[in-house]
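First come two forms of one protein chain, each written alone as structure tokens, so that there is a structure 1 and a structure 2.
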Structure 1
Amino acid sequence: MGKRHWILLGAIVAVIIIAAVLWLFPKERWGTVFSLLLVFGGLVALLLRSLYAKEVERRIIFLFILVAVAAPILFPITFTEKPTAVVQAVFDKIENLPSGSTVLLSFDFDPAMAPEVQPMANAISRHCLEKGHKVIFMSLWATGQALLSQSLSDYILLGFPDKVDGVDYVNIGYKAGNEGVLNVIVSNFEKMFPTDVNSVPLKDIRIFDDIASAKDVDFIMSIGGGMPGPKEWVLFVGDPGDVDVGVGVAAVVAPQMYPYYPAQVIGILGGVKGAAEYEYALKDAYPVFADMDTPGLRMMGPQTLAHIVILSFIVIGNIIYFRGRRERKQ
């Protein structure tokens, strides 16, 4: 059979598969099925080519990684993300706080880190507001204030039109000084933040009626991964102020935070995986968030398939190696 015949046969098979998918599966599952067919069909083709001693060029390997990442983006695919213990601990802490508790949420990151950690900040903010907690938003990074304002206006407050600035939440913004800021607010908020971002004096904001310092809040959640960030919140506020602290960090920073868990940090959200697990827990517990935007869950599709492909390459390589060694012995 010539090359043209193989191409024609492949095209016919592809059309049959596409028709079968459209016929057998509901529309909302088409993306998942197409993504899996592309990835696993390609892996089978590479395995067969290797078993028949056909060389697989590096360009094809790189191209296949591109397909594995692009397919679940073009045809969205999501997986169930059961929260791990370190993520569930943060969720349970916020869930079990009495309504009306005060939560301090610090956006300590920049745009480069935002794709990993901003989804978890948005999900945690929604959770706090849905539970009826009062939220104090702030940042130790200059870039964090802009990202905080973006999250509030574009994502968080859209679902809570009844929440009142200064009563249910407040944005006190950014203050330069790194650890120096923390050393001050652990004993007095007003010395470092005399007003919020709207120039309203803290003494006139109802949230601060019973809150004089960071020691008075019920829970602190630091989202970031750099310096100053989660570690500094633990060392300069959590420990000396005896306040429970949770952290959300970029994936590469998460291992640095595990020595603090669970004695000094009650829970850790690490990277896109941590954000996805929290989003899943929130949607599972609150039907009102069924249609909530979940960028963490969306990003886990391409990441998961890419990891599956890389692991499959390792397995295929070992199969070829041991098969070749057996043939040489024979």
Structure 2
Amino acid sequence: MGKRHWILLGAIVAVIIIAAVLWLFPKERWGTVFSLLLVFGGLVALLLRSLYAKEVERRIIFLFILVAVAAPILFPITFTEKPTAVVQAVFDKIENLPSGSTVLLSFDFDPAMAPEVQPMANAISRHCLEKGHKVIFMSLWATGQALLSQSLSDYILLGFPDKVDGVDYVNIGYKAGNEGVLNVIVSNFEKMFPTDVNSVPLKDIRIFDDIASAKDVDFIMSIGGGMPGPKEWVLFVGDPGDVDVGVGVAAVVAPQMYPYYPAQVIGILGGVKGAAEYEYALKDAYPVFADMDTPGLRMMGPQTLAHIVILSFIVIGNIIYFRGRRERKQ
């Protein structure tokens, strides 16, 4: 058969598939089904092409992953989650603290990590405020303060119109010095943060009435993934000050946090999956949050498809590799 025949055959098969989908599925599922067909059909085509022609251009692979991620964003697939023990531990900690406790949330990340950890930061902030805890927001990254201000005004506080700045929450922002900042606040807040971001002296802020240092805080949650970040909180505040620390981390560093669990950190939220689990637990426990935006859960659709594509890539790549090796041996 010539090349033209193949194209003709392909076109016929495509028409049949399209017709079948249109007939079998309801209208709102068409997008999802087609995008799945596109991705999996593409994978089969890639396998065949790799087996016969070997060379596949890098840019085709790039295009592939773009489609695999973009399609489920346009046509969402949603799943339910079950919080794992490491995530549940953080949720329970915040849940079981008596209302009115002080929680410190540190936004130690930059835009590069934000898609992964911003959802958890938002969910945990909401949880604390809903539970009636007093929240101290801060950041060890300059870019973190900018993200913090943005998410406070655009997302977090929108659901809590009657929370008062300085009484229910306070934003003390960023200070330069990485672990140096932590080394001071573990014994003295005021020395490092004389004011909050709006230049209100700390002594005029009600939350700090009985909080002199990070040791007096009931729970610390560091959300980040770089240096300085969760690890520094454990080393410079959690361990020396004997404070409970929980961490929300970008997936890249999540495995490195496990040696600290559960003695030095009480729980770990790892990557977007951790965020999704937390969001799910939050929605489950609080009907108020039923309509809450859940970026973490939303991201699990594209995430799943992309994982499958990457796994298929590794399998296909290794098939080619072992075939090549066998041929070379012969």
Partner chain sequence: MKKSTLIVMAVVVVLFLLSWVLKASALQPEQGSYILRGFLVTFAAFLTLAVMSFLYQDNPFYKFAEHLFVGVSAAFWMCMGFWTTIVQNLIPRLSTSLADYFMVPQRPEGLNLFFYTPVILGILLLMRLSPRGGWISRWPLAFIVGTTAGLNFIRYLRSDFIKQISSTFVPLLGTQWEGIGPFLSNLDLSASGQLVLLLSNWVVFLGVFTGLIYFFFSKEHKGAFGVGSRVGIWILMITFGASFGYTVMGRISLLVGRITFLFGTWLELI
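Here the rigid core means the biggest group of C-alpha atoms that line up within 1.5 Å when the two forms are laid on top of each other. Keep in mind the model is a prediction, meaning the values are calculated, not measured. The first residue in the sequence of structure 1 is number 1, and each one after it adds one.
The form predicted alone appears here as structure 1; structure 2 is the other form of the chain.
The candidate at the hinge, the spot where one rigid part hands over to the other between structures 1 and 2, is 303 among 126, 303, 256, 219.
Comparing the two forms between structures 1 and 2, the rotation angle of the smaller rigid part against the larger comes to 29°. On rigid-core superposition between structures 1 and 2, the C-alpha of residue 309 is found to move 4.8 angstrom. Relative to the superposed rigid core, residue 70 shifts its CA by 3.0 Å between structures 1 and 2.
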